[in-house]
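What follows is one chain in structure tokens, specifically the form predicted alone.
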Amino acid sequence: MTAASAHSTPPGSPTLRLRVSRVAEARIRGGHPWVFSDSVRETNRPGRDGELAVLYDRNDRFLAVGLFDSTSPIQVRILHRGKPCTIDESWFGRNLARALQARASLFDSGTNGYRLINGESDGWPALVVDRYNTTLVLKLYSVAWLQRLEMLQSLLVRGPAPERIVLRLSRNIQDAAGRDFGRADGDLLFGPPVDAPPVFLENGIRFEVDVVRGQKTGFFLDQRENRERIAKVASGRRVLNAFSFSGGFSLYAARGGARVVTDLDISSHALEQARCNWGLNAGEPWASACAYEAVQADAFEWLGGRSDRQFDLIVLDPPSLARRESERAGAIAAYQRLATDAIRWLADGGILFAASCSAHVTAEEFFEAVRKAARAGDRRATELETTGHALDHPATFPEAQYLKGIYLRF
């Protein structure tokens, strides 16, 4: 028996059947893609990770079918609801085609880096695929997909037709992937080795991406539309990009006509990536016309220190400050503190853009934290707009709605 087959349903085994609570029934019918383990009321046998689980209501009517995962509080991730159907490779192929078609008209030739599959919201629970030019990055967040890696590879090769496919694994499934399937985070699934970071285009700006070891899949594609907004308000401004990572907002600000851009990040590796991205665009007139500096420091401490200089545009885009529900209150306080400190560095007429990627903090909680910071001072603030998810990152249920941003002018 191979490692993969150890997690498959043995021939002749009855279909895994589950009944769930009345509340879970209503959630499933309402379109929610998760079934938690404490909602399961009855099973006909123990489930195996990755097999299909068929859900029935209390009247023995078909509800949905999904992937079973014994290692997660989310025990079943819904693939299909409504009428019974056959879930096979052809079904997955049609599902992939729908996701690709939804993005077919979103980008022109100036953008070849974007999300192809956004998890549950595209009908692929716990799975994302990002495109970086001719490289695809497949990231899995559940052990349920590990036995289907060959099928996923085949579908992606036939569909988007990449040069290579790189596998990324969330931390919670890396041990199981190595032990049971011989797979590791950063493995090459298809194509030539990654000898150098792939370079991709986003609205004509060049970026390189560490698809093997970088955060998430290597780049934060979800902020593309906010980066475009920053470019539109950057002309003639002194810009601070706090939590700058690889400098995406900074390059957009420079192309928008910023006089000087300052990257602020605690990571020397992130700042080096930013310098590489500036180098990729060095031949552009807008890049050479903008002064650039990098500051390696803790953004919380730096912003909380003495504001001995001023900026006309500040970007606050920290990593998630609430990775679990218990951290929500602390994260809200931290967002307010960050905004309060950043406002002190803003010149009159300056613009603050603050963003949150914490799913446990709602949009209204985050916006109110920043608004409180704006009201606390003696300067009048005008709210310009609030923003959410980019078009290639749809969010079709509450827990998927993690990204939010707010723009204020002082």
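When you see a residue number, it is the position in the sequence shown, counting from 1. The model shown is predicted, which means the values in this text are computed figures rather than measured ones.
In what follows, reference is made to the form predicted in complex with a small molecule, a form of this protein that is not presented.
Contact label in the model of the complex: R227 to the small molecule, heavy atom within 4.5 Å: Heavy-atom contact with the small molecule at 4.5 Å: present for R227.
D122: touches the small molecule in the model of the complex, heavy atom cutoff 4.5 angstroms: Although the small molecule is absent here, D122 would stay clear of it in the model of the complex, with no heavy atoms inside 4.5 Å.
Contact label in the model of the complex: Q215 to the small molecule, heavy atom within 4.5 Å: Although the small molecule is absent here, Q215 would touch it in the model of the complex, with heavy atoms inside 4.5 Å.
The small molecule contact in the model of the complex: E293, any heavy atom under 4.5 Å: Answer no; every heavy atom of E293 is more than 4.5 Å from the small molecule in the model of the complex.
Contact residue in the model of the complex, from E208, D317, D185, D312 (heavy atom within 4.5 Å of the small molecule): In short, D317.
One residue of N118, T135, S244, Q75 in contact with the small molecule, assessed in the model of the complex (non-hydrogen atom, 4.5 angstroms): After the contact test, the surviving option is S244.
Region of this chain that lies against the small molecule in the model of the complex, out of 255 to 263, 219 to 227, 91 to 99, 125 to 133 [heavy atom, 4.5 Å]: Only one stretch qualifies here: 219 to 227.
Check all three, V35, S39 and F62, heavy atom within 4.5 Å of the small molecule in the model of the complex: No, none of the three is in contact.
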